[in-house]
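Given as structure tokens, the chain that follows is alone and in the form predicted on its own.
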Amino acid sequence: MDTIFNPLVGGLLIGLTTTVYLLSTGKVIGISGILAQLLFSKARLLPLLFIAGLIIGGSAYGVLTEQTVAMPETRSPLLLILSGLLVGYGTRLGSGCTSGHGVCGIARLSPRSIVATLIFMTTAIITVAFLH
């Protein structure tokens, strides 16, 4: 039951959050955009509160439900830094990340977001198949 219930509730909460964010700010939610606002704009309060909510909410859920997540095997720090830089550059180049394009863009039937998400997912599947 947990294998169906948790993703269902999580998906509903993500949908509710994106709707509330859109109605309250008039902006489409996307983590890369929010992080860019936090780092490079003068209006930092809203993105700071949003990211703090993500961290606190996820941590609180883990503590309250006593769920643990298996840690992945250790990778090279240089590889992780390089990967993070490529993801950051890619999200800026693609005008959004998986959350912005995948959650909000597809819900708005944006052709650009549908194509971007298909490319994200295809690349992820190929990468996992290649590495495992």
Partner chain sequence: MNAVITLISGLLFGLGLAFSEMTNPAVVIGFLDIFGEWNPSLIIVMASAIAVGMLGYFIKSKQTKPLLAGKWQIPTLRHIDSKLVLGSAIFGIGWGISGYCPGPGLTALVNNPSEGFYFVIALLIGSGGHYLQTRFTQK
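Numbering follows the first chain given and starts at 1. Computed from a predicted model, the values in this text were never measured in an experiment.
Just so it is clear, the following notes concern the form predicted together with the partner chain, a form of the same protein that is not shown.
- The closest heavy atom approach of residue 81 to the partner chain in the model of the complex falls within 4.5 Å.
- Proximity of residue 43 to the partner chain in the model of the complex falls outside the 4.5 Å heavy atom cutoff.
- With contact defined as any non-hydrogen atom lying within 4.5 angstroms of the partner chain in the model of the complex, the contacting residues in 37-59 are 39, 40, 46, 49, 50, 51, 53, 54, 55, 56, 57, 58, 59, given in sequence order.
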